[in-house]
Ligand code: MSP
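One chain follows as structure tokens, the form predicted alone.
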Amino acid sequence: MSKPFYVTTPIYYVNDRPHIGHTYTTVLADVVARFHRMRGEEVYFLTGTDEHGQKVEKAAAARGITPKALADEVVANYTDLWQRMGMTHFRLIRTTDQDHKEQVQRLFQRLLDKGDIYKATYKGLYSVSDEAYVTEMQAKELQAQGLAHQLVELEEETYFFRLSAYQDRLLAYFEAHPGFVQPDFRFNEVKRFVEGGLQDLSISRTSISWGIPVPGDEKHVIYVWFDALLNYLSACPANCWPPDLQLVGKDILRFHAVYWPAFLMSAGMFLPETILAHGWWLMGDDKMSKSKGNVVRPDTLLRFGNDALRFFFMREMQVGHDRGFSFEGFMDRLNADLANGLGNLASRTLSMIQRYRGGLVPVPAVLDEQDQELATRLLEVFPEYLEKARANDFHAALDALWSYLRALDGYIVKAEPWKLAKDPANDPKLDAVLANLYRALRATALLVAPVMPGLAQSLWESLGHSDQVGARTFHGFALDGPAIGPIGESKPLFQRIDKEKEMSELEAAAAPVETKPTLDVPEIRETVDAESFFKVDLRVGRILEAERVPKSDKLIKMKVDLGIEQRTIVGGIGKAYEPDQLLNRLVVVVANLAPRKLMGIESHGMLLAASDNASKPYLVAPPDDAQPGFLVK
């Protein structure tokens, strides 16, 4: 018996209701699962929730409820949404489930007995927002971004995992398995990180209580990422391991492509076949964030039906890359592809078959060059779609299919079936046109069934079928086979959206409840005396040159004019600003800061920026008439 195809989503942190980022990942996993079932495979599809850690503990305490009560409340939002979206997962695992707790403790003990986990004392900087200790390099990057306030210095007894011992084994595995991480440019990022050197990983905490206790040493709670990653193992049936495809956001790729395989190597287990890292949905140039008030909730878009939202996700997002979201773009895509495109094509075709052939699909006796070209193109686009979908590129698969559907519209315009129907002498040509259009729609219903199961079923029934299209398989499907009988009742597939009417309602529904974003900032720092403060020399500067630092997505090297001299300053603002946006910009510079090296470049100063824990850095800007060299006081 062959192993089932095993696909997973990341488990979602229970700090908020699901947004379209969570929904996109889960829809992608569901489309993959449905696609593989239609390839004739048994499929095991897992999703879940991550419920432990410091953030949940603090959020629950602030509300005066237990962490488990908070988790129960948030998880209900996920289970309800996944049902409404038509997800076909076999299990939603929760890290508070008893079988998961037992699995985590069992593996922890196994690695402890092996010597890959050991107890020691850790002293270093800890990022509260990421719930992780940071390396010296990571700390410098945060400091360069003006985000050092996110760091606290901790010293505590902890259990470590010997991650450093797996550096060479990971690199060797990467070399032998070039498809382990997709897309390729994300794999290259992972390899560069490992090549830069791995440090042993702290995997327990004594500062929190909400989590899974270390077996035999219960003052320690197992680190949330060691806990969370093992969900894929806890919920896996005996015959499914290893996962064939693990979907993750790019922001958690390092955990899945470095820590996770190292844990599995230590346990002597097979590694996942493929880890696919997708990009973010953006609003403008920013990642969606609750603190910025720019989160789009799927409930806002489900008014158009779950098939519409599922289609939009797969049609718009090229896996691995970021994609901007707008309500206008959402409605334009649905109108163009579903209402004007497939919907209009289906309506015209079925109407003509009813009108000209009494609902019976003709079998063409002869195909002219034009007819043969369209028939051949179907024989080409069908396997092309399947090949791209097999590679998890549904964006490209749908693009190829919709290109073919547009060609069918052109075919109708050239053939003019309404004119052919006026003369019985044209019956052979009309039969060929109607048969070609019918077969195209039949193949389309089959291909889009994993993406839009409801719409595909409606089209399938309109074409005369009474079975479930999602229960069919792609293999062996006769693309040029005759219809099984008369067509059914024509059903509208998708109503055109009145864009102007809907825009105001959609924007109002998506607007955040709060008039201002909720700040996520630390307490005011300890008081300093005026003499200490006045030692800091703040100057107005003007940026003369700016360029990105190679091999860093955050650091930008700048030449800054301070009036009395020019300085080289390196700042961690590369995710918020492009170099050309910085040219001739006035900034505030800490001018008497000791030089330090960032990525091998000596930086002579620091730019002042404002942010909270979740936002990008915003450069502090002097008035336009300020001059380089002015003292800020």
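Just count from 1 along the sequence shown to find any residue number. For clarity, every value in this text was computed on a predicted model and none was experimentally measured.
Omitted here: the form predicted together with this ligand. The next part is about that form.
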Heavy atoms within 4.5 Å of this ligand in the predicted bound form: which stretch in 212-220, 114-122, 461-469, 251-259 meets that? 251-259
When you measure heavy atoms, are H19, A228 and N231 every one within 4.5 angstroms of this ligand in the predicted bound form? yes
Would F304 count as a contact of this ligand in the predicted bound form, using a 4.5 angstroms cut-off between non-hydrogen atoms? no
Distance check, R310 to this ligand in the predicted bound form, heavy atom within 4.5 Å: no
How about A609 - does it come within 4.5 Å of this ligand in the predicted bound form, if we only consider non-hydrogen atoms? no
Give a yes/no on whether R205 approaches this ligand to within 4.5 Å in the predicted bound form, heavy atoms considered. no
Contact residue in the predicted bound form, chosen from Y166, W280, Y404, F330 - any heavy atom within 4.5 Å of this ligand: W280
